[in-house]
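Next up: just one chain, as structure tokens, the form predicted on its own.
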């Protein structure tokens, strides 16, 4: 495993797609900060809480692109076949590629967060959310990266063609996006209606104004929640868009991410071991 990882990370240093994603990440962080700083005079220093976790909405696209290209190139060059010939087990090959995908996703996320913190805290204010909530959100983000990596490594290692792998990965992302948009409002529906206002300190306050007449019912809501929770894109949307975080819901999202990552990886390893590599 060490030799596989060592070779993989050595190759990563020269991988153009990785460095392109690093540059794109820096540009996203820069444009996000620029847009927020432009409105400081209007809104005041509102902190970096929201923009700090917004990159999670991009990470799935980048992991899909990297994994499809990185693993697809190994198939195209015959590298995976050669690894097996020299004695590396298929399990170790699968897991090593998965680890590299997770590491790349984590590096991109950290680059974005570090840039937001270094520049954003000075220009926009510090992190306002409680430390416990922030820590749980960080765990959620890491688990989302693992879930995405598990899904796209599964696709890339079972599909030997780079183009096909990329197409399937992005179609899956599109399907998750559509499903999340269709079911998200029902999954997040509340029994009550609220009015959100800002107090004298500029803090947003949510007040109950009555019963939500469009509430879909507990059963329908739970079904939609289960579907949204099972998608890393849905998990990312929840942690990046809600007005206030429900700690219990954040724990549930972690459980879903762990289960889907373990199941997908286990199935992927099983199928990859049986796969005929021509």
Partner chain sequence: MEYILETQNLCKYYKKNKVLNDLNIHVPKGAIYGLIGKNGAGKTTLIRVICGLQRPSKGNYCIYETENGKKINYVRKRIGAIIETPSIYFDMTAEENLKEQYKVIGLPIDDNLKELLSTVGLKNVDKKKVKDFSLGMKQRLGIAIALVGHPDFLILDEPINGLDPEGIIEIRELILKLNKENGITFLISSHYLDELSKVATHYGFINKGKIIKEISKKDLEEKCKRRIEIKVNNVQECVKYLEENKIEYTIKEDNIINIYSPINISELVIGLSKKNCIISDLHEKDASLESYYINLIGGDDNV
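Please read these numbers as outputs of a predicted model, since none were measured by experiment. Residue numbers count along the first chain shown, from 1.
Heads up, the form predicted together with its partner chain isn't pictured, but that's what we're talking about next.
Exercise for the section: Could you tell me which stretch in 115 to 123, 132 to 140, 182 to 190, 71 to 79 has residues with non-hydrogen atoms within 4.5 Å of its partner chain in the predicted bound form? Expected result: Residues of 71 to 79 come within 4.5 Å of the partner.
Handout entry: Heavy atom within 4.5 Å of its partner chain in the predicted bound form - the one residue of 178, 85, 110, 171 that qualifies
Key = Contact residue from the list: 85.
Practice task
Please run the contact check for residue 89 against its partner chain in the predicted bound form: heavy atoms, 4.5 angstroms, yes or no?
Solution key: Answer yes; at least one heavy atom of residue 89 falls within 4.5 Å of its partner chain in the predicted bound form.
Problem - Close approach of residue 10 to its partner chain in the predicted bound form, 4.5 Å, heavy atom - result: Yes, residue 10 is a contact residue.
Handout entry: Residues in 11 to 31 with any heavy atom within 4.5 Å of its partner chain in the predicted bound form
Key = Those in contact are 11, 14, 16.
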